[in-house]
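Shown below, as structure tokens, is a lone chain in the form predicted alone; questions about how it binds or moves come after it.
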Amino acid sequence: MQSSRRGFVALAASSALASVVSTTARAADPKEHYGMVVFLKGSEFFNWAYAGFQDAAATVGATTELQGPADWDASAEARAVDQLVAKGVKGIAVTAGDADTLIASINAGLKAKVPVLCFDSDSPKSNRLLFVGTNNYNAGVAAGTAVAKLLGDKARIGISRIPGLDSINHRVAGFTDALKKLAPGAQIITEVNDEGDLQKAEPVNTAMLQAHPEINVIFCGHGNPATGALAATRNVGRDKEGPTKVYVVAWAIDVPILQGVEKGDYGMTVAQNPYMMGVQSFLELWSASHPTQFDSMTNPGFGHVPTADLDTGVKMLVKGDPAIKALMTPPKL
């Protein structure tokens, strides 16, 4: 495992690492093949996730492949799941670009006796075996807590998000609840739809700041709008330290974002642990595809998987945090 990956693993629970080691006790059929499906192939975040998936698979001699559209397209993602099921893979980890769009494909995979779980972004109404990833509500609470400590009751927040994603809904809910508890005078002024588009994030956030000059925080509900939100603060001349600064709270671990945090451009970023999402997703798929005397309590015919979601946690990164250096070299796939 590369040193950069070891640095990310340091953010994970030690019990998860122990489970990686334990899998070496049983070797898989070398023909076993597993798939990961993402809604934005090529992103650094999902490269980290797939790196963890690959590393975990290597401990048992299994092979893997990464599928999914290069542009955000939940329908194309669903088709990728269908294709992997038809191919006869031993298990599929999928991050739902849209919670409802993936339901039919996930359920069809399970009906075909292919273990399917969700990671990063859930499809809770589907029959997926498990969700592995950030507890998005708790992560939102962490972000809201950080903003409350930074600005207290003076916080006036605009939110950049995409409607319809279960993960973002929970993040915003946690963020809002933390502010209500810790800074009851803080206000969420408005929300904008950035459509998950890097280019559209700048104009919609610029318009938001122009329409609501009282906003002093932009909370990014997902990974894409941070650079556009930062550009928007520059467009209205509110990117410098001082009483008029707008603090951008990113939700990403891309190298440009990490560099921006170190420079003080971003107020902070919410760092999820996609590498461990990949590790845990593979381990649970492997377990599900190998029934033992302890079969799944809720999904007969599959091996045992936890009955509760697995939370891979977050870390709020601010300028000077040593974890930033460890993340500066993303995996090359």
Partner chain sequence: MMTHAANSPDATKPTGRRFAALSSRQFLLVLINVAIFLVLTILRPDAFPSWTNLKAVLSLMSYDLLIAIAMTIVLIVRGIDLSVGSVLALASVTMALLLRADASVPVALLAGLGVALLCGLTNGLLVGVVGILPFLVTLGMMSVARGIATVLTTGQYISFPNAPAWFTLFGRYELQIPNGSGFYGVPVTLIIGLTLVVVTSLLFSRWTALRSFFFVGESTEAARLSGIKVTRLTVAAYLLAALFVWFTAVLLTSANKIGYANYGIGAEMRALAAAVVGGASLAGGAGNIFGTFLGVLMLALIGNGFVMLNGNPNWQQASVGIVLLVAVGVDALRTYRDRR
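Residue numbers count along the first chain shown, from 1. Since the structure is predicted, the reported quantities are computational estimates derived from the model, not experimental observations. Note that the rigid core is defined as the largest set of C-alphas that superpose within 1.5 Å between two forms.
What comes next is about the form predicted together with its partner chain, which is not displayed.
- Screening 126-134, 143-151, 185-193, 171-179 for residues having heavy atoms within 4.5 Å of its partner chain in the model of the complex returns a single hit, 185-193.
- Although the partner is absent from this view, Glu202 contacts its partner chain in the model of the complex, with a non-hydrogen atom inside 4.5 angstroms.
- Among heavy atoms of Ser43, some come within 4.5 Å of its partner chain in the model of the complex.
- Heavy atoms of Gly223 reach within 4.5 Å of its partner chain in the model of the complex, making it an interface residue.
- In the model of the complex, at least one heavy atom of Arg234 sits within 4.5 Å of a heavy atom of its partner chain.
- Across the proposed site, Gly91, Thr269 and Val318 without exception lack any heavy atom within 4.5 Å of its partner chain in the model of the complex.
- With contact defined as any non-hydrogen atom lying within 4.5 angstroms of its partner chain in the model of the complex, Pro163 is the only contacting residue in 163-188.
- With the core held fixed, the Cα of Ala231 is displaced between the shown form and the other one by 2 Å or more.
- Relative to the superposed core, Asp120 undergoes a C-alpha shift smaller than 2 Å between the shown form and the other one.
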